[in-house]
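Single chain ahead, by itself, as structure tokens, in the form predicted on its own.
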């Protein structure tokens, strides 16, 4: 069985209806094949340096590249798609003032290996944030199909409806659906939805770009200020700078003196270039 797929022309309300019922939905053809070609052209040299591995959690046969927000401009194009931002607004803004990306990565699954254990993207926040029906949404995850996702090449598995389960419930075979989708599509799922990579049984690796959105008051899964420091972030589109986390979440969280709360890389009371060139000095007191 496959995850419910909707066309790019579907309304936000129709996509949200599937997300809220199943915990996962696929939007077909949200990016063009040419866009995926450009992404692969930028990232393939990095993939070529890696050997399939990743240990038990990643199925032993995957290559993973992190921090791609600073490695390819294609990430910046995809993460600000208006339809995806509208969905993130609807899912997350009831529970925060602004949201951000939790990570920017690429995963390539090669033939063989094992299934990834089913897990939730909120697991990193346990036991501080609880699971179960009625808990506010804090994460909306996304996987773009850089290549076709099929049952044979290990399309991601999801336990349909598991975002509404009590934490102790286990998924059975009848609960599992796969995100079968053509290249250029995106799978979206709520943070409490159980999911995991499947085994690739073909000779061609399956490639996906993974990211999404999380509430702005939450610690990001990947440290964006290391993978995309200010001198790199300042070259990116303003909306992407904000999504990385270069803006404050309310006046109380993440502020920097002399910076606009909407964009901390913008010139403020002090010149941004002076900020970059000022050496860090240890507190002498």
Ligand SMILES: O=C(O)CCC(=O)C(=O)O
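Model, not experiment: these values are computed from the prediction. Numbering follows the first chain given and starts at 1.
Missing here is the form predicted together with the ligand; even so, the following discussion is about that form.
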{"item": "Heavy atom distance at most 4.5 Å to the ligand in the predicted bound form, all of 57, 143 and 196", "value": "yes"}
{"item": "Which of 113-121, 89-97, 127-135, 72-80 lines the interface with the ligand in the predicted bound form (heavy atom within 4.5 Å)", "value": "113-121"}
{"item": "Contact label in the predicted bound form: residue 159 to the ligand, heavy atom within 4.5 Å", "value": "no"}
{"item": "Partner contact for residue 28 in the predicted bound form: the ligand, 4.5 angstroms, heavy atom", "value": "no"}
{"item": "The ligand contact in the predicted bound form: residue 38, any heavy atom under 4.5 Å", "value": "no"}
{"item": "The ligand contact at residue 180 in the predicted bound form, heavy atom, 4.5 Å", "value": "no"}
{"item": "Option touching the ligand, based on a heavy atom within 4.5 Å in the predicted bound form, out of 84, 107, 215, 192", "value": "107"}
{"item": "Residues in 200-219 with any heavy atom within 4.5 Å of the ligand in the predicted bound form", "value": "206"}
